[in-house]
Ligand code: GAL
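Next comes just one chain, in structure tokens: the form predicted on its own.
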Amino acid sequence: MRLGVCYYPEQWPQDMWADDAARMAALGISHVRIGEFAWALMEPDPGHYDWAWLDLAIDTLAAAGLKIVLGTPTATPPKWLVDAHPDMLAVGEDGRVRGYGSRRHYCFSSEAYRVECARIVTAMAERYGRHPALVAWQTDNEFGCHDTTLSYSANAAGRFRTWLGARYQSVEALNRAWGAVFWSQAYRSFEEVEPPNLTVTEANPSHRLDYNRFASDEVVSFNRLQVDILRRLSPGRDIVHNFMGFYTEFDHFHVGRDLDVATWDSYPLGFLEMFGGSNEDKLRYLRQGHPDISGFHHDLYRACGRGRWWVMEQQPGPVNWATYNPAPIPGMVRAWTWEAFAHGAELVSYFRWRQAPFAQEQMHAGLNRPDNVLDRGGSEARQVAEELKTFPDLGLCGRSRVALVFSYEADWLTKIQPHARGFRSLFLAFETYSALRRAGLDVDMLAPDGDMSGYDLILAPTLPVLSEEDLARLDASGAVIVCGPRTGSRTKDGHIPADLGPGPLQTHLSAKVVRVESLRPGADPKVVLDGQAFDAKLWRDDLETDLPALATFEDGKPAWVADGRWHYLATWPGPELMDQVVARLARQAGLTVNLMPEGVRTRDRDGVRFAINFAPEMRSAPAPEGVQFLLGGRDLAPGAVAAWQIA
């Protein structure tokens, strides 16, 4: 468990570097990420490298005992490169070129840009790949940020046609897969296929699904291009990428397979403001962050990293990019740091060392203020560093007894055809995760093709495309299985299955979805469970089944059915109903539910249980009487952390 920081030496006078490095080390920081936005300084003119400043920066940081995470600078190609290859720019869904002047101004499908990326990464790896202070490489920065995964450029169109040719082999197979007979959309050759934008009305959903798959594969291959160079020229160093929160436009599991460590950028207040929950939640957790937003992503990226993961950017104060940007309450930066460690992080790195007084991010706090005085977040980082000195060394998180299956493809499908405003796989998964965490259960996240052995309870909030292979893995697990609405509702080509939904799940659970409807707020379905009515929302499947209903809609039709260890939910449960579902499933799976005090979350790591209070009121740590606390105590003020050893 180590602390890091993001640093931009090129943005500060060189006579500050040694003092910065010394202060970082004194604060308790061990790792420093640099370089990811500095291509124009590394290569100010085509083919003319200037390494002197970077040599000095690395040596200065190393002299202070700091370890270097070096970023490849491909997220910000210089102006001269854009001028030389103007077709490297991405094209938005609106058909407009996304120009130079900020960052991420490239298209993943530009072959000319890929050549240039390989060249700069090779030059960097040849120069720094064996530097003794270098411990890791970060590829690029935040793939897809600012909605840049999907590009509709001529380069993307050409590579998409090649991708389709490899997938379908013949245009006749493509026409069948896309149902191209509809609206006279049949193609005579792959060369006739265009990206699915700028259509008069809705584009063919199978076309769009394949374009999502293609765009995701482009990110995977772009990342692999860099990884292959770094592994060859810089052996023995970890290779990482920093993913984002609530971002699903490419399959992070697929990118993660080429990495040693998955990292992500944690901004709890920004994510709450931009993505999370009701206005009530946004006010209640205004300065703490929602209790489950960070945890959801910690566990997701732990899965993407196959157990190894870091926070590359931890929010240290107000950010600059959300609709509103409040400051965290005192102690919250410390709490977020310990929360990450509780979920198995090896490193928590803060963004950034010092707040910039210029350019786009000057409203974004750092550990230090622009006048170089340590800010509150810096003081809290120092407190964590002091606490780590006496805290026991912990191994990585062991396997939980509960798994949640998360599919990026499911999120693409529900965005392409939501059928109800707000129906998105991502948020159904998040709400399911939140219910599990309210019940005091630790959760592992799994890809649909992940290892499902050893779990007692597996939840798949929605898997529209449920392959026979995925189903076999679920079956072989022996776990109690619950699948949510729209599971098995589409074939791999995006069609309704011949035997209707839930498709292949019917081999284990005799129920057929004969009609679906979506309902606006105010007309939400009610679900009756044990004589009590609960709120559901957005969705209702009409099931044709002889199975007894565990819960019904108000008209008596089944809302939840089961056959042994297989369960199907025909609606999107509201929070209270989701809590009831989780409690009953946990009992069947032999798990103990420990309902958390509102706003409190626990997490176990290597024999230590952590508790954090996200509520704005005082809470008590759910610890046994007489326990010896390793951190904090039974009384949990807002933003407080406690930790104790467990059997």
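The first residue of the sequence shown is number 1, and the count goes up from there. This one's a predicted model, so the numbers in the text were calculated from it and none came from an experiment.
The discussion below concerns the form predicted together with the named molecule, not included here.
The contact with the named molecule in the predicted bound form, taken as any heavy atom within 4.5 Å, belongs to Asn242 out of Ser151, Thr462, Asn242, Gln288.
Checking Lys537, Arg473, His364, His343 for any heavy atom within 4.5 Å of the named molecule in the predicted bound form turns up a single hit: His364. In the predicted bound form, Tyr100 stays away from the named molecule, with no heavy atom inside 4.5 Å. The named molecule in the predicted bound form is approached by Asn141, whose closest heavy atom lies within 4.5 angstroms of it.
With a 4.5 Å cutoff on heavy atoms, Tyr568 does not count as touching the named molecule in the predicted bound form; it lies far away.
Although the partner is absent from this view, Tyr267 contacts the named molecule in the predicted bound form, with a non-hydrogen atom inside 4.5 angstroms. Of the candidate stretches 356-364, 464-472, 178-186, 480-488, only 356-364 has residues whose heavy atoms lie within 4.5 Å of the named molecule in the predicted bound form. In the predicted bound form, the named molecule lies within 4.5 angstroms of a heavy atom of only one residue of 340-358, namely Phe351.
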